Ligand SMILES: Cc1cc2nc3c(=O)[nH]c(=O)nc-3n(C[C@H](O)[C@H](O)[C@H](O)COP(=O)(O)OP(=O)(O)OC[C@H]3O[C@@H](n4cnc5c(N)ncnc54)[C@H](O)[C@@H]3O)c2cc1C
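Below sits a lone chain in C-alpha cells, taken as the form predicted on its own.
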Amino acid sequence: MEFSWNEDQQALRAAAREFGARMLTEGVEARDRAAEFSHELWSECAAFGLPGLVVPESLGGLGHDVMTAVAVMEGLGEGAEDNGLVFSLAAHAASVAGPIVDYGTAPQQQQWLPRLASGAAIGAAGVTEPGTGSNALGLTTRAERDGDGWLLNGAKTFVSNAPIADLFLIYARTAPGKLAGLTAFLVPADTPGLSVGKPISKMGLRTSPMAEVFLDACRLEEGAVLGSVGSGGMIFNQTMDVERLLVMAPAVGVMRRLLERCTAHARERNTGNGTLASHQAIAHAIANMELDLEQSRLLLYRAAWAAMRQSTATRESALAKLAVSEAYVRSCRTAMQVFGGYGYTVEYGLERELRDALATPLYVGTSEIQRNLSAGLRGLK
C-alpha cells in the first residue's frame, strides 16, 4: 500500500500551502470581525486555479482527480488562516462545479464550467430546508411541470455562498419517494422567483457568507435539469462522497499547522520551572494532537483513494468526515490549553480557529448523520 504523494502532488500541495500563507492570512482577524467575504482574495484564488480544481482543462479548470484535489486543499488549509474563504472555495468546487462536471450536458458544461473555473461565477448548493434539517432526502421544495419547463416552490436554509452566488444547484422533489423522487436543477441567481435572504450571522467561518434561499413560482426551462428527472438523490449521494473529502482536507492542514505551532510554543515558553515541553501533561497533549492528525490523514487519504476506484465511497467518506471533524475540534481545544490565557485572546487567533472548527461536526452532514450512514451500511438500522 502506497501512502505517499507523487512529485507533482507534493509540488502542488506545497504551492497551495505557500499561496495560502502569503495571500489568505494577512487581515483575516479584521475580515472575521466584520464577517467580510473578500472578492479580491477570491479573484487571487481564481488566478491560482482553486475554483476550477476539478473542472477539466478543456473547460478552463485544472482537471485534478480527487486525490490531487485533496492534496491541494490540505496544503491550502495548512497555509491559510482564512478558514471561511477556504470553506467557500471547497463548497463551490465540490457541491456545484463537481456535479456539473459529472452529470452536466455539454451545453450546461459549456455555459457554466468556464465561468465557475475562472471564479467569474460563484456556485452555491441548496439542500437543507428549515423543516427537514439534516434529512436531505425528506426535503419538501417542489418542482412541478409547467408546459415545457418547471415551477419551483420552497425554501432552503444554511446555504453557503448564497449571498454572493451566481448559480444555485437546487435539489427539489419531483415525485413521491426518497431517492427516485428528487431532481437537481441549475438555477441562475437572476431567475425570477428566486430570492436570497439577508446573510446569517455565525459563530465561526464568518468570512464565508450564508443565507436562506426562497423559490416562489421560480420557472425553469427543461434544460435546467442536471442529470435526469429523478436522479437528484443519486447525484446528491455521490456528490457528498467527494464533498466530505474536499471540505475536510483543509481541516487536516489546519491540524498540522496547529501541531507545529504548539510544538514550537512548548519548546520556547518558560514557565519558571522549565519549558512547557518539559511538563508531561503538555507533552502528552501535543502527542495526542499528532495522533489525531495522523489518524485523520489516513482516513482522509483512504477515502479519496476509494472515491477514485469505487462506484461509491459513502462508508469511507462518512468515516473520514466523522473522524476528521471531531479530531479537528479536539486539536483546536488542545491548542488553546497549550497557549493558556494567550490562547483565549483574539491576538493569538486560536479562539477564531476553535470557532471555525466547531462548525465541522455540523456541516456536510452532522456527526450523527455520519454515524447513521456507517451503521446503516452495516445493516444496523
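Note that residue numbering begins at 1 and tracks the sequence as displayed. Small disclaimer: the values here were computed from a predicted structure and weren't measured.
Separately, the form predicted together with the ligand exists; it is not shown, and the next lines address it.
Trainee: Please pick, from L258, A184, V127, L113, the one residue with any non-hydrogen atom lying within 4.5 angstroms of the ligand in the model of the complex.
Mentor: Contact check passes for V127.
Trainee: Here the chain is shown alone; which of R302, K202, R173, H265 has a heavy atom within 4.5 Å of the ligand in the model of the complex?
Mentor: Filtering the options by heavy-atom distance leaves K202.
Trainee: Given that the partner is absent here, does S231 sit within 4.5 Å of the ligand in the model of the complex, heavy atoms only?
Mentor: S231 lies outside the contact set for the ligand.
Trainee: Hey, in the model of the complex, is P188 touching the ligand, heavy atoms inside 4.5 Å?
Mentor: Residue-level check for P188: no, no contact with the ligand.
Trainee: May I ask you to state whether F87 is within 4.5 Å of the ligand in the model of the complex, using heavy atom distances?
Mentor: The answer is yes: F87 has a heavy atom within 4.5 Å of the ligand.
Trainee: Quick check on V364: any heavy atom within 4.5 Å of the ligand in the model of the complex?
Mentor: Yes - in the model of the complex, heavy atoms of V364 and the ligand come within 4.5 Å of each other.
Trainee: Have a look at 217-225, 246-254, 118-126, 76-84 and name the one stretch with heavy atoms inside 4.5 Å of the ligand in the model of the complex.
Mentor: Of the stretches listed, the one contacting the partner is 118-126.
Trainee: Does every residue of V101, Q310 and T314 put a non-hydrogen atom within 4.5 angstroms of the ligand in the model of the complex?
Mentor: The answer is no; none of V101, Q310 and T314 reaches the ligand.
Trainee: Can you list, in sequence order, the residues from 366-381 that come within 4.5 Å of the ligand in the model of the complex, counting heavy atoms only?
Mentor: Heavy-atom contacts to the ligand in the model of the complex: T366, E368, I369, N372.
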